[in-house]
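One chain follows as structure tokens, the form predicted alone.
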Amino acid sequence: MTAVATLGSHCALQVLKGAHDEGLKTILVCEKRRERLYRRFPFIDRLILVDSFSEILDWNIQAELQSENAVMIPHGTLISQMSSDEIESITTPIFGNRWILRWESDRTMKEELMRKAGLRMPAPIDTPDDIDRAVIVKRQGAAGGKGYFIASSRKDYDEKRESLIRQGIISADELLYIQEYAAGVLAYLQFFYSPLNEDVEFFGTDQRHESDIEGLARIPAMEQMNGGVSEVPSFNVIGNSPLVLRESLLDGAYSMGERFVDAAKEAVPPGMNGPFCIEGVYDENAGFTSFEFSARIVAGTNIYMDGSPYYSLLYDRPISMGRRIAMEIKQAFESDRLDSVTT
């Protein structure tokens, strides 16, 4: 039987608990500073201790994982701490499509794939000189919202960028992406595509809580103007909460997920296998504008460790996204199709 491995961060607990519940061996590549935390959980069969996650690229650790017949589950920490070239060089089989993670990490490629999927998107702003409305400025890759900021003019952009550089949050040569700000109800739509069953499953929806931009709404405008907030409010993600969509919106959500899977198959074979997330806002007419996608499990699924409302309609037992991944790996292994779900 195969084993499931992941990095000790982000959503490792639900990934490994799900694998354990499916009878698979669990392996955690764990930074030594976090060992005490993860030793608390009995469903983790083995810890491989490292000083930093980049050590997963070492031949010895890759050999250890391969000796366990392990499948690596990628998540946001892998993307934020390693380049696309490094991820693609990992010799351990990776669940899903390792090459689509490059498309997630590059804003231009990300935008291209979203257009191919026919998703409605905010307008990109080519240069800071073109800022003539509210925009959101983002970093490349999976930064968890850290270093993002809102601007309304070139002057505003320059002042906030320089402030973040002084604080050491972004670097002076960092390439930033500018996008029209889309207003509405935040909704992060979580999906799973099974290449074994050739089916898109809608798993659930979450909202993200960001500090300190979220607390800004609780400060009266006068106090904000008089210096009651930091110069550049942060969008750093602190946690997630569940959101249940109106049932009339489900058909549209499924349609977006299916179009995204079809576009990914064409653009970056073998396509969008496994978990993914389409992220955006619903406007006053219940229209969805997508500003991001994540081509792997997202941390928002952690709120559904005991199963999501929508998966309760598909399965007669609690299924987390971590367990759904393990179910796919187990089915693939037992049917000798592991290469259909890994790259």
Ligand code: AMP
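Residue numbers run from 1 along the displayed sequence. Small disclaimer: the values here were computed from a predicted structure and weren't measured.
The protein also exists as the form predicted in complex with adenosine monophosphate (AMP); that form is not presented, and the subsequent description refers to it.
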message: Considering non-hydrogen atoms and a 4.5 Å limit, does adenosine monophosphate (AMP) approach residue 208 in the model of the complex?
response: yes
- Message: Would you classify residue 254 as touching adenosine monophosphate (AMP) in the model of the complex, given a 4.5 Å non-hydrogen atom cut-off?
- Response: no
- Message: So in the model of the complex, is adenosine monophosphate (AMP) close enough to residue 179 to count as touching (4.5 Å, heavy atoms)?
- Response: yes
query: Should residue 191 be classed as touching adenosine monophosphate (AMP) in the model of the complex when contacts are defined as heavy atoms within 4.5 Å?
result: no
Subject >> Non-hydrogen atom within 4.5 angstroms of adenosine monophosphate (AMP) in the model of the complex for each of 148, 279 and 291 >> reply: yes
Within 4.5 Å of adenosine monophosphate (AMP) in the model of the complex, heavy atom basis, the matching stretch of 264-272, 89-97, 132-140, 193-201 is 132-140
In the model of the complex, the residue from 245, 186, 82, 164 with a non-hydrogen atom within 4.5 Å of adenosine monophosphate (AMP) is 186
